[in-house]
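Only one chain comes next, encoded as structure tokens, the form predicted alone.
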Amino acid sequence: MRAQPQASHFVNGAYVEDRDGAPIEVVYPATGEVIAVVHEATPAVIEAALAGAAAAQAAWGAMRPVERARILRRAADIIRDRNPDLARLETLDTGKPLQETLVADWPSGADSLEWFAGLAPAVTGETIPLGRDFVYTLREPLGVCVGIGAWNYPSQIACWKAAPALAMGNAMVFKPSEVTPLGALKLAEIFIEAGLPAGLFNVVQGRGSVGAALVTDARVAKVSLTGSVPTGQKVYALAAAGVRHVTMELGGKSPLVVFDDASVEDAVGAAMLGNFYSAGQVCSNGTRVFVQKGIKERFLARLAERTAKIILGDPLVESTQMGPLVSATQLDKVMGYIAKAKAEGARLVCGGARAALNTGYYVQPTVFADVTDDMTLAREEVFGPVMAVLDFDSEAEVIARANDTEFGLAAGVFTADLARAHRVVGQLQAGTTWINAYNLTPVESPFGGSKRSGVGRENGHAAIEHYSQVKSVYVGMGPVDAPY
């Protein structure tokens, strides 16, 4: 087992094993080989993690922010020093090619830790003069936070949730996806090495029942989930019963609008990044590509040419540009959507089949044209390398059609007319948008969605609001004026 961790869980500063928990096999998506086995957290493991987090949090929250910041910064430095090994582990866990994991996964996590380390000492309250009296405010940690991760960016997501939580003085119990359980354990190790006190970042493995046990525990003040809309609805309901703080980064069916004055080369490149990067397993992907009719055929021709050159292959070879889907389950789901698109009359431009590469879960990068708004491919999240190209005539028309969805995670606009770009972006119902770019998510910028794509924001100053609370302190400077 090339990726077997020391134990399944990391609790109170050390690896913990409890083989009474159900086994979870970790499968390398490029071959279907089982590369590790972890065990689901038992009630005893869950209790140890929550109790340890609650016990450690008070002292951490009382620490000077700059001292917390130094630890987070050391963790970021360790991640960067070990990035090649961490990237290889991420590839084994997810199937994503090294070409991606070396630059996009753990590096983004390190950026997040570094940025929130820098921000932590600068978070202050305010003073409100009231004449004789005054009010001042304090920004305080929430307490114990639960993070629930997704399988597409498991280590990046763990860092994105841990960084603001720890920077603001909280503790976190993190449950990675059962599909990709390995990276979060390494993050927990790195935190301890960087000087983080035991108990402040715990990792427990498991499926939905473990997540439910964490979300409903009375000691938990906040829940942060990255996942699908159905999972988000369940977790949101459980958290609401305890009136807990919640952030949800859920799915999308995001529009990418290409006007006929746009650079075709740039728009094609963005559409490919927004559909084929990570084998299409990115929540913010622009999977509905609206192309104005004047350049539609030119766009499709160039798209087919460039897509044909994508290198599928062994993810551990750095020249590989696209790897397999994460699991056999995801492969079946994506192939089902491809079959349905064909049956509903979409025109297959390229791809549309499994890639004949050993026993892995590979799908050819696939493009469908002449997709209509009522087709399944235009309504449901595929989460695979399948692009739907739709055409349009006017600006007003494409805005209305782009917004005709239950999702609102992301959107993009390509045009040489910047006035139109800002005008259109201002009307698109999405939390994260781009102009003449796509899927760039620097940690300095808030990331999240609207409508069913989620609530709250990851990253940027906005994340501080979701990992802290404001206390108002009224200071009376004179005698109490009472009518009694």
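Note that residue numbering begins at 1 and tracks the sequence as displayed. Predicted, not measured: the structure shown is a model, and the values here were computed from it.
The form predicted together with a small molecule exists for this protein as well; it is not shown, and the discussion that follows is about that form.
With the small molecule left out of view, the stretch that reaches within 4.5 Å of it through heavy atoms in the predicted complex is, among 246-254, 290-298, 74-82, 360-368, 246-254. For the options E114, E189, E381, D391, the one in contact with the small molecule in the predicted complex, meaning a heavy atom within 4.5 Å, is E381. Though the small molecule is absent from this view, in the predicted complex it lies within 4.5 Å of a heavy atom of just one residue from K342, K234, R302, R354, which is K234. By the 4.5 Å heavy atom rule, the three marked residues S177, R207 and G211 all count as contacting the small molecule in the predicted complex. Proximity of A150 to the small molecule in the predicted complex falls within the 4.5 Å heavy atom cutoff. Proximity of G227 to the small molecule in the predicted complex falls within the 4.5 Å heavy atom cutoff. Taking non-hydrogen atoms only, V268 never approaches the small molecule to within 4.5 angstroms in the predicted complex.
At a distance threshold of 4.5 angstroms between non-hydrogen atoms, C159 is out of contact with the small molecule in the predicted complex.
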